[in-house]
Ligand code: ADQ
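Quick heads-up: it's one chain on its own, the form predicted alone, in structure tokens.
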Amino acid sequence: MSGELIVVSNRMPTAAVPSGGLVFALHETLRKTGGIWIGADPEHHASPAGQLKKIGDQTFYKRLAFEISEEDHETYYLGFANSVLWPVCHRRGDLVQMSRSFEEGYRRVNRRLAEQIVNVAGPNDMIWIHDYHFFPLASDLRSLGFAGKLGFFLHIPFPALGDLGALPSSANLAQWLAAYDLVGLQTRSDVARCLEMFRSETDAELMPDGKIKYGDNRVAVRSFPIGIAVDAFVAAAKETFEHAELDGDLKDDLVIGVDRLDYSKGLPNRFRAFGRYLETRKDRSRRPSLLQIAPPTREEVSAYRDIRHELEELSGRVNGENAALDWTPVRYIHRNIDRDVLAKLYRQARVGLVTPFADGMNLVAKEYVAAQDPEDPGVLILSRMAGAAEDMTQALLVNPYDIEEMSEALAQALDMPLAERKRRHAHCMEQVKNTDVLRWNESYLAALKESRSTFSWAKFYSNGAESNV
């Protein structure tokens, strides 16, 4: 008998009809099939409840929240998840902040959540767990006796083998991931790094069917490049844009960047490259403007406060050296902008500047391409370090550490002939359509349904028989 789909993520929607690519896709799936979405309660509690509680709209599927305390938030979320795992996965081991309390809080929250999930999950339910907050959740669920299908998807880059040494010895990523039936990653490069990790483990073995055997478990590792809700985003971009702020210097030669304020996004180098372009441009009458939207995130972590101060200084310097009475070269907005407004801004922009140092996929790159007028498209400048660059090869690919190369790419993009812009855009748009978020969602769940959990065989059959797929 088939069971329910249970989705687990740190954040979940509380509105009846959520917006945003991933949230929208999972919402649409659960709306059609029914099931349960489990996420963290946005409020902190002095004594977290021992069971999940209903939250938000319950019309099409259940939304259940797990409670955390202020200490949990400091140790599990800000601590181990975002001060240890995040920098390790983004190749910034120098920013790791190690504390025994961080690791203890991370394991405590995952274990407590596993205990709450097994109280609501049936033996035939399929559980799909999202992101680095819950690497060990499958291992905890297996130890509590859950024998059903367990899938995992990592939305950020998979760490390189050398960076894994920054993790505490007790954080055994290979052992944690082996408890899943299917591990989904963004790119083929991520899969290669994951396989390299398993090959370094003496207990791991690559099987003829491509799965990894680790102890008694077998896990499949595959890439599922995530995308956006293409049709909805295209429709939003086409709507008439009547906005007072689009007057004056934002009407012509607009360069746009949209990123959370995070050190992995390469924003200081982006500002430097734009400043370098202004210094070296041949046509001094040309007045391009960089509109950088960078909403705040995790401001309690010191590395995020540092980058905010650096960007404020850089934007002030570029403007001070280049601005005129009727022209502001850099407009830096440190707050959220409505997604439908962003779609229209993308369509107005001659250049989309997406230059992270490391990124699992980067959906801004796909949003920018989807928003363009195919008869007069803008040009995407894309970091080679973004997952999107693996398939969007007709973007202008750049090294985000090379200021000169990015400056030259800006000049090339702003001067690019229409025929070349249309050719590059058509290729990129094809990749955007091929990875539509609903297609991503369906392909992952189809692969998980085809997998067979090995846990019950390894746990309960004394003859040591293993399951086959």
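None of the values given here were measured: they were computed from a predicted structure. All residue numbers refer to positions in the sequence shown, first residue = 1.
There is another form of this protein, the form predicted together with the ligand, and it is not shown here; the text below is about that form.
Proximity to the ligand in the predicted bound form, taken as a non-hydrogen atom within 4.5 angstroms, holds for one residue of 83, 75, 186, 110, which is 186. Proximity to the ligand in the predicted bound form, defined as a heavy atom within 4.5 Å, holds among 98, 161, 337, 207 only for 337. Among residues of the shown chain, residue 270 is not one whose heavy atoms approach the ligand to within 4.5 Å in the predicted bound form. The closest heavy atom approach of residue 361 to the ligand in the predicted bound form falls within 4.5 Å. Mapping the unseen interface onto this chain, residue 146 falls outside it, with no heavy atom inside 4.5 Å of the ligand in the predicted bound form. Under a 4.5 angstroms non-hydrogen atom cutoff, the ligand in the predicted bound form has residue 155 among its neighbouring residues. In short, of 364 to 372, 187 to 195, 136 to 144, 208 to 216 it is 364 to 372 that has heavy atoms within 4.5 Å of the ligand in the predicted bound form. In this stretch, 204 to 229, the one residue having a heavy atom within 4.5 Å of the ligand in the predicted bound form is 226; the partner itself is omitted from this view.
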